[in-house]
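Let's start with one chain on its own, the form predicted on its own, as C-alpha cells.
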C-alpha cells in the first residue's frame, strides 16, 4: 500500500504533468471507444439489413445457381409447394418462403432502368423478410393481384409515385422477352440500398408467369429461432433434404464479412499508431520524473526502501495515470457513442455512392460492453508497459551516486 500512496502523492505533486499525460492517453482511448462503437454499430446494422431484406437465416438454391457470376433462370428449384410443405414440419425452421428473382427493365414514360424483378409470396414472405412491412407510401402486396412495389430511391430516380403505371420487361426461362404493365401500389424504404434502389417486387405467381416457370423459384428463404443457429440448421437441412444447395447467411454475406474484416484491420493500424503515441508520451513523462527525483530516490533508498519498492512506485504512477485516463475515456466515449446512437451519423453527403455496407441514410453506433472494457484494459496495459522502463531505471539506481551527483 505504501507504493500506491507514494505514487498518488507524486502524481498530485506534479498535477500539470499528470493532467497533460492523462489527457493525451484519454483522448486516444476516447477515439478508440468511439471508433469501435462506430464499427460495432455498422456491423450490427448491416447484419440486420442483410438478414431482414436479403439473405435471411438460411437459403436453398438449385445446384449450380450460386456458381454463376450473374445468376439467372437456368438453375431454378421446382416443386416449390412440396418443398415448403416439407420445411413447415421441420424442426428449427420457424418460417420459409419462396422467391423468384430475375433481371429486367423498368419502363415509365421515356425512362428506362435495369432492375431486379423479385417475385414474393404475399402470405409467407413477411414471416421471413421485412420487405413487405417497409412500405412508407401506399400499400404493400397483399394478394396475387398483379401489382408492383418499388423502393423509394428507384422511384425517385425514375419519377414514380403510387398509382403510376409501369412496364416490366424480362427474359423468360426459354429466352423469350415477356412484358407486363402494372400499377405501382406502394413505395418502400428499408435502409438497404439493394432493396431501395435496384428492386421491383411483384407477386410470386406473376413472376412465375413472366418467367414461364410454374411452381418454381430461384430460392427458398428460411428463418430460424436464432441467427447463430443458421449454420447448424443449414447442415441439418442438407442432410435431411438433399438436392438443394443450402447456404447459411454468413456464407451468402461473404463480401460484407470480408469488408468488415478489412475495416477491422485498418482499425488495428489506427490503434497501433495511437498506442505508440500514447506510450511515448507516458514513457517520456515517467523518465522525466525519474531524472527530476533522483535525490529523492536516493533518500528513499538510504532510509531502507528496497529497489523493488522504488520500482513499484513508478509502476503504480503509470498505472494510476492509466486508470485516470481510462475512466475519463470511458465516460466521454460512452457519452459520445450514446449521443450518436440516438441521432446517427448522416450519410447524405455520400449521396447514392456505395460505401460497401448495406446501409444508406445514417450509421448508428452502439455501445458494446466488450469493446469498452477492452479499451479500458488496453489503456492500463499501455500505461504499465510505458512506465516499466522508468521503474527499472529507478530501481537500479545507486544510493551514493543519487545523493551526491543527482544522477542514477
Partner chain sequence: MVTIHIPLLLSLLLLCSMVTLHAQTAEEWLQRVDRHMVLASAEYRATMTVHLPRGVERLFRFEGKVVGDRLGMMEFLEPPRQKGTRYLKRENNLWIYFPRQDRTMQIQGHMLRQGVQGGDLSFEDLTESGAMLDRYRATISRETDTTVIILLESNDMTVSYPYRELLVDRRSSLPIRIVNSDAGNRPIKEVAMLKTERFGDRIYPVLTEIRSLLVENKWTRFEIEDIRFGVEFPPETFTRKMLER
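Just so it is clear, the structure is predicted and the values come from calculations on it, not from any experiment. Numbering follows the first chain given and starts at 1.
We do not show the form predicted together with the partner chain, though everything after this point is about it.
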Query raised in the report: Though only this chain appears here, would residue 112 touch the partner chain in the predicted bound form if you measure heavy atom gaps against 4.5 Å?
Result: yes
Query raised in the report: Looking in the predicted bound form, any heavy atom of residue 146 within 4.5 Å of the partner chain?
Result: no
Query raised in the report: Taking heavy atoms and a 4.5 Å cut-off, does residue 122 contact the partner chain in the predicted bound form?
Result: no
Query raised in the report: For residue 169, is any heavy atom within 4.5 Å of the partner chain in the predicted bound form, or not?
Result: yes
Report summary line: Interface check vs the partner chain in the predicted bound form: of 180, 263, 75, 194, the one with a heavy atom inside 4.5 Å is 180
Query - Heavy atom within 4.5 Å of the partner chain in the predicted bound form - residue from 269, 280, 94, 176 - result: 176
**Report entry** Interface segment, criterion being heavy atoms within 4.5 Å of the partner chain in the predicted bound form, picked from 326 to 334, 112 to 120, 216 to 224, 197 to 205
**Finding:** 112 to 120
